[in-house]
Ligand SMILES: CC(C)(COP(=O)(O)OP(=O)(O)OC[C@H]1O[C@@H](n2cnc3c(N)ncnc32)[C@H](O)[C@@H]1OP(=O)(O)O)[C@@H](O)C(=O)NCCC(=O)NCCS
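Next up: a single chain in structure tokens, the form predicted on its own.
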Amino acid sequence: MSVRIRLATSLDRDDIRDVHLSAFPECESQLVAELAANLLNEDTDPETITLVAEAGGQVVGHIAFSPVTADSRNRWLGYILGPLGVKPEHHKAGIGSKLVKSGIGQLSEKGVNVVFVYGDPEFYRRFGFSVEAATRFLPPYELKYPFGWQAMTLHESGTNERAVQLSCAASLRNPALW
């Protein structure tokens, strides 16, 4: 089956919600679906990148990358990946990987320095994320699962050994997400 990755539009809002409602356990699906829908229309600077995967004319996957800012860091550009969801009936088809790679490619072209993710280290390691790369960057909120905080450097921004506190887009400012 052919899969097409494209930028999402506001017309995809219901399909994006459906992806996350089906992709996540019931205890968290509503929260994640709401986050995905909110990020689609959130006005951020720089802009949030929201992609969908289509197969057979249907939206079957979604990913968002929203900007993060660092305290006292001039000319530094960071993004956080999340959420990522693929409808269960399309798991194991490489759709999540295609979404991640497409988004990281776009961020690299924009000169983004670091991409963060809060998720399964086994899954995200294959793309180049690591816990070690994230150690200097403090997430916006206390993490329920600290081992899931990871980063990938796309473009070096100079060395700075002190810890850096990150701030995120408004849609991610819910401690329940962390």
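The first residue of the shown sequence is 1; numbering continues from there. The structure displayed is predicted, hence computed values, not measured ones.
Just so it is clear, the following notes concern the form predicted together with the named molecule, a form of the same protein that is not shown.
Student: For the three residues His91, Ser97 and Asp120, which mark the spot I'm curious about, does each lie within 4.5 Å of the named molecule in the predicted complex through at least one heavy atom?
Tutor: Yes: His91, Ser97 and Asp120 each sit within 4.5 Å of the named molecule in the predicted complex.
Student: Is the gap between Arg126 and the named molecule in the predicted complex 4.5 Å or less for some heavy atom pair?
Tutor: Judged by the heavy-atom cut-off of 4.5 Å, Arg126 is in contact with the named molecule in the predicted complex.
Student: Closest heavy atom of Ala23 to the named molecule in the predicted complex, within 4.5 Å or not?
Tutor: Yes, contact at 4.5 Å.
Student: Look at the stretches 134-142, 39-47, 23-31, 105-113 and give the one with heavy atoms within 4.5 Å of the named molecule in the predicted complex.
Tutor: It is the stretch 23-31.
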